[in-house]
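As a starting point, one isolated chain is supplied in structure tokens, in the form predicted alone.
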Amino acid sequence: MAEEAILGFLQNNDEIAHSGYFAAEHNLDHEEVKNVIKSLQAFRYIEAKVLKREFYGLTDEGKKYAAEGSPEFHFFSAVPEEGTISMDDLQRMLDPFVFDVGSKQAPKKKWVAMGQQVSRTVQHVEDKVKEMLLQIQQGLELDQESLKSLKYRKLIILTEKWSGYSEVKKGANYAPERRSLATDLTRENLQNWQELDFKEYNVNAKGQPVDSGHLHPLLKVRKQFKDIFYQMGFEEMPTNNFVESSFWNFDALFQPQQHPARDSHDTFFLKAPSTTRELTEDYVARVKQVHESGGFGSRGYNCEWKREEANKNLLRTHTTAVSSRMLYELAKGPFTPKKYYSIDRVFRNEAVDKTHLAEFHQIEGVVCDRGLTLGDLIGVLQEFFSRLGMSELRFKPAYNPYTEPSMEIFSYHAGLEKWVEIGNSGMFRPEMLRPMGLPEDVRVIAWGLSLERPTMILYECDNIRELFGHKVDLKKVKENPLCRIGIESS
């Protein structure tokens, strides 16, 4: 019925100006009219423009402003035309709510000059907020900027969304009645093709999306970090063991057994198997010696080192446990300079919030060679982070149990317009390296950062739980863009 009405009306008229008015005049359902217009437009029987309209109502606060005027207008009106008035006097004269809102909005609109004394900067003002609210009450339309300002102040609320069509005119294929089109190339249709009208084929139409797997943003960013490490000549360390002994996770790194990180409040210890049986006794003895009595220029910690603490199994708290194993293996043979990296999961007993999880990914780089200095570490960091697009770096002295000197790494973030911490770094201590058996002139420089933080920045995610865990939005995983860090510089 709606189709006949639309096509019949256009046979004798130039256009349908408004689909809503047309539906009301012909006693038709507007939703049906919209669907018919959309269908006829697809087959080029008609042409039409889409209309969209939003209707707003006033909140309780908006109704009060519409009836009594805005707080900034009352604030301005309370300021004398000549001279000044103190803030204390204004506060006594006005309602607390009016004073609070008006004292913020009136200076923002440059109606008054604020200080201990308040004076007018203009003599007359119009209460445009009240005018706009009255227009909305009357059903009139406002420009987007005005609506935005009222919504920001929570003076209006969206009550209805409306859509329709305007300027509905005859199209290229207009006819008073829709023709039946053949849609299939059957034997019968081909035999009678001269008598039939065939539906046009849209060769530009997209096909059905192909179902396929999608890389998670973390995997995309990890791949780019791996490529950067490979470009710099690093080789990947095996990080497939999540379970580690306290010895390799802490003691081999010269981290004291009394350190807070070794407490159950910070570390996940295993119940079964609770201890390890695979430790090299002569190396354990050297580590015990340097902890208790020092050596290699160190006084040690001057306290008892307990084997039972070192034997405890845990979920590794950092991938540096893997680095210590690799350096120990390197010390067994003739020394060869090495550059190692790892990117894998670590675990810490932390309270979960928008920036912290109990498990996350650590990126670590390690360089082992003769005669390395702090200058070499800074140079490697400059090269590494420049490939990430971070060319402005600063370094701040820090403390780590197993590195000395140690540095926090900061980069200038142009978007935030401030320096932000991006990682930690340092040179492994002799108390860690000499018990392994590495030559005395060998130095090891290292740095680390998380994988999640740069991924959150790149993909504009402000809650880590939306990136990793059961709250991940699978639609975002499917639609997230390519990770471009390191691409331009490579």
Ligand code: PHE
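Model, not experiment: these values are computed from the prediction. In this text, residue numbers run from 1 along the sequence as written.
Beyond what is shown, the protein has a form predicted together with the ligand; the following relates to that form.
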Can you tell me which of 360-368, 296-304, 137-145, 327-335 lies within 4.5 Å of the ligand in the model of the complex, counting heavy atoms only? 360-368
Note which of 59, 463, 424, 39 lies within 4.5 Å of the ligand in the model of the complex, where distance is taken over heavy atoms; exactly one does. 424
Counting any non-hydrogen atom inside 4.5 Å, which residue from 46, 433, 33, 446 sits next to the ligand in the model of the complex? 446
Considering only heavy atoms, tell me if residue 246 and the ligand come within 4.5 Å of each other in the model of the complex. no
Even though the partner isn't displayed, in the model of the complex is residue 348 close enough to the ligand, meaning a heavy atom within 4.5 Å? yes
Any of the heavy atoms of residue 402 lying within 4.5 Å of the ligand in the model of the complex? yes
Is residue 318 one of the residues lying within 4.5 Å of the ligand in the model of the complex, judged by heavy atom distances? yes
